[in-house]
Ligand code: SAH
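A lone chain, given as C-alpha cells: the form predicted alone.
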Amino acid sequence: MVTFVGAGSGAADLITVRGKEKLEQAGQVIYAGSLVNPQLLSYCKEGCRIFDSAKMTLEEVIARIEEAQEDGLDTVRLHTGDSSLYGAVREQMEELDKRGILYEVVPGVSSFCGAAASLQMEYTLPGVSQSVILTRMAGRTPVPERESLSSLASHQATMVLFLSAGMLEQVTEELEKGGYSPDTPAAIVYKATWPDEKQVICTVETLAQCAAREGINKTALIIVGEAVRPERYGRSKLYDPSFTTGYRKGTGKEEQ
C-alpha cells in the first residue's frame, strides 16, 4: 500500500493526526525534501527507509515503491502542503495503477491556509470578496491561455499565487493588465508557519521591490486583493441577530 500524505504548510505539528499515524507506521517514506520540513521525519519508526525525492525522477520514485512492495513494506509518499495542489501526484497514481499497487490519500493543510493564519486574515470577507483564486504565473511550466494571470485578475477576487515569487515584476504587470490598481493591497509570505517565516505587506506595485529588499525569490506565496487589508467589510449574516437560521430565530431588524 502507498499513502500520499499532505505534510502540511510547514510546521511539523500541522500535519494531520492521520498523516502522523501513517508516518509512524510506514516501512518506507519518500518525501519532497526541497519543501517538506525534515522534522516530520522524526515521526518515522526506527529502521524506516527514507528517500528524498528532490534528487529523484518519477521513474526512480516508482522503482523504490516497487522494491518496498516486494519486501512487504508500506510506503508513505510525503508531499508538501496538500498533494492536490501542484503536487505532481496524478502521474504517480497512474504508474501505480499500471502496476496494480493500491494507494490512498491523506489530505494536508495547504500553505495558502497557513499563510492566511499567519497573516490573521480572512480570504472571503462579505462585501469584499467571496472567491479565492489559487493559481501561478506561467514559467517553465506553462499555464493555459484561458488561465493567464491577467485574465483571472479581471475577476478582482482574492488571489493566491504559488510558484511565482521569482517573477514578481511580471506578476505586477499581469495583475495591473487584468485590472488591479497599483495600490491594491498584497502580501508576500515566505515559508508560512516555518520557524523562519517572513511576512511582507505591500501593494501590487511594490511586490518586486519588497521581495528584493527581504531577499525572497522562492518558497513564498503572493496574496493579492482588498481582503489583505480591508478598509471596510460587511458583517456575517450567520451571526447577525436579525438573521434567521436553521438553529435560531432572528429579530428581523437588521444590524447596521
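Note that the structure is a prediction, hence the values are computed from the model and not measured. Each residue number is its position in the shown sequence, starting from 1.
Below, we turn to the form predicted in complex with the named molecule, even though it does not appear here.
- Not displayed here, the named molecule is approached by residue 85 to within 4.5 Å at the level of heavy atoms in the model of the complex.
- The named molecule in the model of the complex comes within 4.5 Å of no heavy atom belonging to residue 30.
- The named molecule in the model of the complex comes within 4.5 Å of a heavy atom belonging to residue 190.
- At a distance threshold of 4.5 angstroms between non-hydrogen atoms, residue 219 is in contact with the named molecule in the model of the complex.
- Comparing 155 to 163, 91 to 99, 138 to 146, 67 to 75 against the named molecule in the model of the complex, the single stretch with non-hydrogen atoms within 4.5 angstroms of it is 155 to 163.
- Among the residues 172, 110, 184, 129, the one placing a heavy atom within 4.5 Å of the named molecule in the model of the complex is 110.
- Checking 200, 41, 35, 208 against the named molecule in the model of the complex, a heavy atom within 4.5 Å turns up for just one residue: 35.
- In the model of the complex, the named molecule lies beyond 4.5 angstroms of every heavy atom of every residue of 19 to 33.
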